[in-house]
Structure formats: structure tokens, C-alpha cells
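Presented as C-alpha cells, the chain that follows is alone, the form predicted alone.
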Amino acid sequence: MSSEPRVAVGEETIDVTPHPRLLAVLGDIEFAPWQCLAELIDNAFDDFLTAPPDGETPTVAISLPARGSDRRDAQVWINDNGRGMSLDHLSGAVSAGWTSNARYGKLGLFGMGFNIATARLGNTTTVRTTRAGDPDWISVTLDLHNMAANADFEVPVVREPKDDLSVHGTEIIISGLKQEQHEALSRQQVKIRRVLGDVYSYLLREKGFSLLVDNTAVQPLLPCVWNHDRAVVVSGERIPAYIPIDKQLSPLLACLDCGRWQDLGLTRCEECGGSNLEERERRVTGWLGIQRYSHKTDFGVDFLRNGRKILVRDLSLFSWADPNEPGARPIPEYPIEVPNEGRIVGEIHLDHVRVNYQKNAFEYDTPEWKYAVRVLRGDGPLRPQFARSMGYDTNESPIGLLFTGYRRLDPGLRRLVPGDGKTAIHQKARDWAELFRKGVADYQDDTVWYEAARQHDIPKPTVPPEATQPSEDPELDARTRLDIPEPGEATPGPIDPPPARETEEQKQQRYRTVGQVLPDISGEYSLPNYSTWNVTVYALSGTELLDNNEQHVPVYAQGQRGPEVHVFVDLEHPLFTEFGSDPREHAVLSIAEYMRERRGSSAAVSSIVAELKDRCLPDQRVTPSALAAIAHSLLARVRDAMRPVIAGNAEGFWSLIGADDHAATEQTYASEGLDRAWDDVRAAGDWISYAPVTSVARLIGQRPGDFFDGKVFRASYAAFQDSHARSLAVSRIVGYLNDVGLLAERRARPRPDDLNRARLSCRLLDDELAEVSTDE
């Protein structure tokens, strides 16, 4: 007789139907207010993608509670002009876990979004829907409190006759708002509108969908990138500022039930056993490029699925983790230079990669995501030298190329960064981006940014010393001054009648035609009590500038129609060429004077200038922190240029710096927490990147022949036969370096003269740097 326990399999069952309280519990899942709205928008947009309304703009309109509303009366409305739903479709749409969507090709995915979103916002939701031709609206109301109290999932259906049979669409009304949701929804309309414009940017601009929040159209956040034909050249290679991406994978079968990809030829999903398989293409598409401005947070790559952004300005592609070191932390590789701002952006569509239920992340362990990462940023580090040290070839992926060409923010066309002739104008470039996004016509293409970068590279006007010195030949000078013809020249013929006098308007038009706009100091000037003026500053060369009294002046400001003001600056006026005055300073001075006169103010012009600079020209600041950022960037370039020389005899140069500098170099490297072995860094000569400025100056002083004559600095050295001349050449460069080093360490005294000297040293050292090709 067997002693094994018997398992009875009978007709008894248990009911696992969830309690209606489950619907309310769904509201505890973390969803931001905009995410709740997005879940409801997704359902409408899915319908638009399937069947856009005939002859109408596909539109979703959201109404939020007003700022001063009482929570007990507050409601959220979401209306769309989609096809509407039948009663069966409506029944499924409000049931948790039901979805009419397959796992690919739609924004809605899991059949829980409606229930989570509505339960998160409030306790009562009414859905009204109708199709074209239906005689009435049908509606249901889900009162979560009543359903939980009565333990009943049944809800009555209400039918309301329609006046117009052609009406179609769906309306969702959420009431009984939760306290925190009411607070957010009633006070953050602008923020919600901005976030939705970002998340649905692609669908709004490419599909023609319309999204309204409180009757105000949501504007798609447009990418402010350089024109597609812009490029820079690094080490002889042209690197475009815009790289299209289109990489197609082999097609596979998609299980539309569980979302897993299956090999072709299967009839059932190996994961869930379902037979709902469909062959679908898998592609990585979109673009990567360079933004016209840099920013501390506003950069990165957007990843989309079916037109909705899942990852917004994601930075994961800019870090690298060693795959041979389990648990290794990703090492950030971009941006790492001062200022710590980035500008690589992109829009990548991954319709074939699965996402999580909150739609704010992809499933990163899937082969599809890992393949996309390899396509976009490659396998190895972005930094070439670091890549080689880790056993990888130079990273030539799209991200790798953009990193090589644009990681630096040096002003000018070499790196495609706007500048003012002295420094980069990052804040101005960001201000212009705001005008781009406001739709101002002059800022829709990249001309303003490009011109600022181009003008930065134009050498400043200089006057040959002989032009300012009196000639030793007084007769020649007098002849020249009085325009007396040389002996033997032909006798002038009959004198032509004098030309008609140029009108003031014609004169200014001539100045505008020959002048070049200085974008860094052009723009809006606004002060309390002084109105707002749109100022355009034109720089003239080779054209004598006359005011309305026919006097030769260095700067001339004239009002135009409305708030427009044009300022003309003669760059060749003696005030600038002989006395070294700054044309931009005098242009701002004339703007201040103009504003004061128009206001009838007795305020000192200097105080108006100071306020204008503080409010309208933040990039012009000569503060220790601003100059320190410039100094850091400049020293990084010096060290980069020196590295190939140092690598030629790394240990030899290492021995030339003192014990204190050895310790300081090692401490800097250790403090950055890099994973590379210090012995390798030292052997390769990369230690120069972490050496203090005193070491850099010491090396140059001890081995100038290795760094002058175009190797690192343009200055001549070997050609001098006189030892004192050689010493002067070295002292000059070392002096600049010491000033810049003090500035980088913010040890420069913040007196105006000290700051101006530091700024001048930066400029002079920058001018001395040779065009050295570095691979990193």
C-alpha cells in the first residue's frame, strides 16, 4: 500500500478577479502630471496615426484647472477629434490590462496607461465618445471610491443624443483631483506645455498634429543645430556638423503579444507561445549633430519610439564603461573641458526596441539597444589616446567624429563657435537660440552664429608704424597730405561739377551696405525707465564715418523706425588705431548716450553703461571666474600641444621638473579618479596633462628649442644668434604662461588693471600658439 500523499484535482476553483480597489491603487504608481496627460494623448495620437481625421487637423485639446480654482470643483478635460469608439471598444479602453494595440507600431503599449493616468490624477473619470454617423454619445463614469465601496466593477452606460451626426471624437473628464495633482496642474500650465512640446516635438512638426493646452498651441521644441553643410577640419579630415543616421538590421518576427523578437520561420513565439507573429523591419534612423550653442544641461541625444521621446537629452552615449571589468562605472568623456558645457545633440528613432511601462527608458539589456549604441558611439572610448591605451582603435563612430571635431569651445570657425574677437560669446549664442525658438525670422538659419564665428577670426585692423610716424621727407609728406600730383603727372582736365549732396538716409544706407554687423553687441537693450531698443552695430573699415554735422567721428548712433537703432563704428578712426581704444566699448557708450537722451535723463552715462553691461552683455564680463574658464581652456590647449614633444622622451622631461611638481602632478591625477594605471600615464608622457603650470613654464624655460619655432609656439628661437634675443623670446612666453596660470587658479587680484592684464595675457598667449594638430 502506497504511503505517498494524494493530490485531489476536482471541480473546486477560486475567483482571482481583483478587487475594484486595485484601480485606485494604480494611482499610487509614480507618474508626473505631464506623464499622466501624455498617456491619454498617446491613445489619441495612435488613432491619428492609424486614421487621421478627414479634412481636419488631428487635434488634442487639454484644459487644466485654473490657478485659483477650488480642488473640489477642479477638472481636467482631454478632447480629441479622432474616430471615436464603439461601446465594445470603450468597454475595453477603460478596463485595466486591455489594449487594442500590438506591441509595435503604437505609442500605447500595455493597456494600463489609461487606468494609471486617470487614477493618478483624480478619483472620478468620465469618458464620452462618439463616431461619425452614430446617433448619440455614449459615456461611462468610473468613480473609484464607489466602485471600491461596493466591490463592483459594473458601471452604467449613458447615451446622449447628438445634434450633429457628423461629430466624432472622445472626451475624458477627470474630477475629484488629488491635492498634489491639483496643485501642480493649476500652477504649471506653462511648464506642462513646454514639456509636452519637447516630448511630442517630432509628431507635432512632422505629422501635423495639433496639441492645445488651455487653448494655447503647444509648440514643438525645434533642434537649434548648425546648417547641414557646415563642417570643421581636424587633422585634414572634414567633420560635418550634421550626420544623418540610417542603419537597417535584418528583419525578424515580432511577437505582438509579448514584444519579443523571433527568428524568421517560426510559427509560435518561443517566449510566450503566442502565434501573433509579424515580420517587421528594424532600423536605427535619425541624426546626430552640433547645436549652435553650448549649455550645461541642454544637450544630449533624444531617443524616440513611434515618434514620442522616451529619453530626453540622454548623456549615456558620452560615457564609456570597460566591458572587461564587471561592475565598472561608466567614465564620462564629454564634456570634460572648461567650460563644462556640451553641444552634441541628436534625434534617434528606435521603433524596434522595447521600452518600460512608464515610457521613460528602453530595455537596456536587449540586443537591439546594445546594437544601436554600437552604431552610434562605437565600442571603445571617445578619446583617441585613452582608446589606444585600452586596446581600441580610434573611435570613428558618428559620436566619435563629433567628439573629435567639436568637443572644444574655442571661438572661431575652427571649432564653429561664435566669438567677439576676444572670447567665445556663449551667453549671446544662447540668447539667439531663444529668438530662434520664438520664430524670429533672422535667427531661423545659422547665419548670425556663423558670422560671429567668422568675424572672430578676422584680424583686428592695425596701422603700420610708418603710417603714424612723420616722414623724413617733409615735401613728400606735404604732397601726400595735400594730394599734390607727382611732377610729370598729367594736368587735371576740366573740373567736374560737384556731385549732389548725399542725404542722411543715403549715407546711412551706404554705411549699412559696406559695414559688417557685430552680432556680439547687437541685440535687445532694455533697462527699466529707458525703454527697450533693438540695436544693430555696424563696423566700417575704409569708410570715413561722418555724423549729421559732417564731422569725422569714431561712432555714430542713429534712431530708425520704432525701437530700431543703428550704431556705426569706424574701426580705422585714430581713436582706435592710434590710442588703442576698444570699438565695442565706445559703441556701448553711444547706445547708453542715445538711451539717456531719448529718456531725457540726467543720469551719468557711465552708470547706464554699467547697467547695460550687467543686464544685456553678460558675456563681456571680465570677472575672475569668467577669465579663469578661458585660462583653463587655453592651458589645456598648451598641454595638448606639448604632449607629442613630451612623449618623445617622457621620463627625460619628467626628470626636468622638481619633486614638488612631481607630487602635485600625481595628486591631480589621483584626484580625478581615473582608472588608467599611473605608470602607463607617466610612460606615455600623458602626465603633462596633469602637471601644474609651474612645471609647464619650467620645461619651456629649460628646453625652449623643443617647443618654439612652430612646434608648440610660433615664436622664433633657433634662428636667433644672440643669446639675449633668445632669452627675451623665452621670457615673453613664460611671462604670459605665469599670468594665465595665476588666472586659472584664481589667484589674480580682482582689481580692474590686474584683470585686464590677465585678459591681455590670455589673448597674447593664444596668439602665440602654433596651429598644432592633436589627435585628441
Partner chain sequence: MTRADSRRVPPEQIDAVVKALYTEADRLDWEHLSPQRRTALYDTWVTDPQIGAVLTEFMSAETARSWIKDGPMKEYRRARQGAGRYAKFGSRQGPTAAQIVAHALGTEAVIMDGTVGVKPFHCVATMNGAGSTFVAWGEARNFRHLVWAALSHLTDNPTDSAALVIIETMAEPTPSADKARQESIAQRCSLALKYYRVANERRPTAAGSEQ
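Remember, predicted model here, so these are calculated numbers, not experimental data. Positions refer to the first chain, counted from 1. By rigid core we mean the largest C-alpha set that fits within 1.5 Å across both forms.
In what follows, reference is made to the form predicted in complex with its partner chain, a form of this protein that is not presented.
Just one of K438, R238, K296, H552 comes within 4.5 Å of its partner chain in the model of the complex, counting any heavy atom, and that one is K438. A61 is the sole member of A61, A38, L737, A744 with a non-hydrogen atom within 4.5 Å of its partner chain in the model of the complex. With respect to its partner chain in the model of the complex, the three residues E30, Q188 and R751 uniformly fall beyond 4.5 angstroms at the level of their nearest heavy atom.
Although the partner is absent from this view, W137 contacts its partner chain in the model of the complex, with a non-hydrogen atom inside 4.5 angstroms. In the model of the complex, at least one heavy atom of Q75 sits within 4.5 Å of its partner chain. The closest non-hydrogen atom of T57 lies within 4.5 Å of its partner chain in the model of the complex. Although the partner is absent here, G562 sits close enough that one of its heavy atoms falls within 4.5 Å of its partner chain in the model of the complex. Shown alone, this chain has one stretch from 49-57, 30-38, 703-711, 720-728 that lies within 4.5 Å of its partner chain in the model of the complex by heavy atoms: 49-57. Counting a residue when any of its non-hydrogen atoms is within 4.5 Å of its partner chain in the model of the complex, the one hit in 218-252 is Q219. Taking 2 Å as the criterion, W137 counts as shifted between this form and the one not shown: its C-alpha moves by at least this amount when the rigid core is aligned. P161: CA moves 2 Å or more between this form and the one not shown after rigid-core fitting. The Cα position of F708 differs by less than 2 Å between this form and the one not shown after fitting on the rigid core.
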